[in-house]
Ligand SMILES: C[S@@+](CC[C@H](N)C(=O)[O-])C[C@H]1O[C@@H](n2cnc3c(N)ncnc32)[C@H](O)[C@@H]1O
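In the form predicted alone, a lone chain appears below as structure tokens.
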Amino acid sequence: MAAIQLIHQKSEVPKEFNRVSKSYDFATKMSQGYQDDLIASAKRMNLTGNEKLLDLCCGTGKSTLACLNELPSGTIVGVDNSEGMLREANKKFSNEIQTGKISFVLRDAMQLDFADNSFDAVFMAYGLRNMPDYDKAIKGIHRILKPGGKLCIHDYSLNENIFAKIYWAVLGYGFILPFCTLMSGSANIYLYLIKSVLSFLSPKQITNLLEQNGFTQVVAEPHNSWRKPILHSVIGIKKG
């Protein structure tokens, strides 16, 4: 499916991720700071270390690994709607799966059927942007979080100025698209990435979205270096 169609039919995005699942880790490994940024966002949650955490839109488990470092006595449930991406995640964490530390579930993030108040924390990296209804997605997350539970949205979210949009467009079309297409053999999902970021919410808008849906103490923090105008972690706490 063409990238333009994916913007309007986001339910088809997992199928495109299936196409690049085997090469996804290599492509992101070549992106300077990709894993470090996930680790930074996980640290910003200030977890106690024994939480039950939902890694929503976990992909191949890079975000799972970042959260795992913060949960020495906790557990993680990874959810994704791409069979291919989860296949790679299951390979990486076979030992942790056997011990019950981590489990992975194929599920649509828009149709979560976990019980109310069942998680202490939710980490969502590069996921909200792919949801067809941002408001509904946040409401679903709010429902399954315990009162006082923490949510972290980690995503490409552009500052509200023309420089950030131009900067992302140059970076996306000039570097991300040609490199990742070469590595994966597929351009659609990476072209969709560029276009979806340009139309995604700003950090302030994500903050407002969380506050309007029962979260408090919401803070949006940029990441370091060249990613500062384009990559943010937005963290909020479910009102008790």
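When you see a residue number, it is the position in the sequence shown, counting from 1. This one's a predicted model, so the numbers in the text were calculated from it and none came from an experiment.
Another form exists, predicted together with this ligand; not displayed. Remarks below refer to it.
- Contact annotation: this ligand lies within 4.5 Å of heavy atoms from the stretch 129 to 137 in the model of the complex, the single such stretch among 157 to 165, 69 to 77, 113 to 121, 129 to 137.
- The putative spot formed by L151, F215 and V234 is not touched by this ligand in the model of the complex; no residue has a non-hydrogen atom within 4.5 angstroms of it.
- For M85, a non-hydrogen atom is located within 4.5 Å of this ligand in the model of the complex, even though that partner is not displayed.
- By the criterion of a heavy atom within 4.5 Å, F200 is excluded from the residues contacting this ligand in the model of the complex.
- Taking the partner from the other structure, this ligand in the model of the complex has a heavy atom within 4.5 Å of a heavy atom of A109.
- The closest non-hydrogen atom of A125 lies within 4.5 Å of this ligand in the model of the complex.
- Residues C57, C58, G59, K62, S63, D80, N81, S82, M85 are the ones in 50 to 87 with at least one heavy atom within 4.5 Å of this ligand in the model of the complex, listed in sequence order.
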